[in-house]
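First comes one chain, alone, set out as C-alpha cells in the form predicted alone.
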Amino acid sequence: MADIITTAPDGTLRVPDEPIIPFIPGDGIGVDIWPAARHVLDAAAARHGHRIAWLELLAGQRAYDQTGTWLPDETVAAFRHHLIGIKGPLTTPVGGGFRSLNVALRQILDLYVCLRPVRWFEGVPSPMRYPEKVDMVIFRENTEDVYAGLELEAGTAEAKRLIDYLRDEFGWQVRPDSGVGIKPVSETASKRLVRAALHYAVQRKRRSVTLVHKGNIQKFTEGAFRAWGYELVREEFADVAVSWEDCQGEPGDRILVKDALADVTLQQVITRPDDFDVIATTNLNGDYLSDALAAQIGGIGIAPGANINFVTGHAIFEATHGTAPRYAGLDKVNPGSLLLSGVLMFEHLGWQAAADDIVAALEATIADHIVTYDFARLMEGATEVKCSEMASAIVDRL
C-alpha cells in the first residue's frame, strides 16, 4: 500500500515499499525525458520488490497556463509533506515573477546542498584525452552568495540609496549607474555544507575533500568559507579527516581536506582531474564548476543533480539542463540527466541495488552504441535511437 516517506528520530529516512513520490514532468523536453526516465525507474524498482506511487505536481509553464502562477502553493506544500521529489527542467519566467523556479524551490525548502556527481561512462564521446580520470562529486552551497539574487537594478531609487549609504558609511566608491548585489557567506551555511560533504566522503570512502574558493580576493566571504571549513574539520571530524594545514606528511587512513582557488580549480580539473575527489564550494563557483565538469564527460545532458537538506530530509532530484523547447515533443533528446538524477534519488532512499542496476544497464546500452542523437553524431558505428527507444534499451539490459 502506498505511503509517505518519513524521518526517524535519528534523521534517517523511513521508506515504505511503495512510497508516494511527487514529480514534475517539466516544461519543453520534459514531455519526452520524464516518461523515458520513469519507464526505467519503475522497471528497476520492480526488480527489487519496490513500487513507486507517483504524484504529479504543477510548476513552470503548465502551472502558469492552468493556474496563473508559476509555482503554486500546493506544489511547495506537497514537496514539503512528502520529503522526496523529482522534476524535469522548468521554464524561467521572463520579465517578472520568479528569478528562477529552481532557485525558488531550493530557498523555500532550504535545500542547502546542490549535489552534482560527475563521472564518465565508457564509450561516451568526450573532448578529454583521459575522461576516465574524471570522477568527482560537487557539494555546492545553495542558499547564499550572489547567486541568491540579493541585488538592486541600476538607476533605481533603491540602488541609489544603497550606493549613497556605502559611500557615506564605508567610503566605498561605487559608480552611480551600477547595479548592486550583496554576497552573504555565513558560518552557518558554510559549515553545514562542508559537514555534508565530509559525511558523504566518510560514508563513501572517498579519499579527499577540496574546498574551492576565491579567498585570495574575497577574503571575508570566500576566504571565510575556507577558514570555517578547516575549523569544522578540527571541531567535528578530527578522527576521520585532517586538513592540509594540520597534516604533517601523508594523511594516513584519514580523509585529506585541502583547498584550491576557483580559477586554478577550473584549470586543474582539466589538466589534473584525478587530483580531485569530493569538492565543497560556494554557490556561484559551484554553478560554473559543475557545468564545466559536465562538458568533460559527455555534456550536461547526462549530468545528474540533487538539492538536499540533510537535516530535515527534504530533497528534490532534477535534470540539470534547460527546457530546450525547440526539441519538445520530438522524442529526440538524451534522457540521461533526469534518469541519473533518479539514480541519485534511489541511492538517497536506500535502494542501492536498483540504482546500481540502472547504472550498469545504461553503461551496457552505451557500450552497444545505442544512443540518442547527441552521442550518435560523435560516435563511430552508433545506432541513433529516440529518447523513448533508449529508455527501452536500458530496461532490456537491467
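Residue numbers run from 1 along the displayed sequence. Owing to the predicted nature of the structure, the values given are computational and were not obtained by experimental measurement.
Here the subject shifts to the form predicted in complex with a small molecule, a form of this protein not shown in this document.
The contact with the small molecule in the model of the complex, taken as any heavy atom within 4.5 Å, belongs to Thr92 out of Gln268, Ser186, Asn309, Thr92. Gly301 is the sole member of Pro117, Pro273, Gly301, Gly286 with a non-hydrogen atom within 4.5 Å of the small molecule in the model of the complex. Interface membership of Arg175, defined by any non-hydrogen atom within 4.5 Å of the small molecule in the model of the complex, is ruled out. Within 4.5 Å of any heavy atom of the small molecule in the model of the complex lies no heavy atom of Thr365.
At a distance threshold of 4.5 angstroms between non-hydrogen atoms, His213 is out of contact with the small molecule in the model of the complex. A residue is said to contact a partner when one of its heavy atoms sits within 4.5 Å of a partner heavy atom; Asn102 meets this definition for the small molecule in the model of the complex. Contact with the small molecule in the model of the complex holds for all three of Ile29, Ala324 and Asp374, each having a heavy atom within 4.5 Å. In summary, the region of this chain contacting the small molecule in the model of the complex, judged by heavy atoms within 4.5 Å and restricted to 175-183, 72-80, 316-324, 144-152, corresponds to 316-324.
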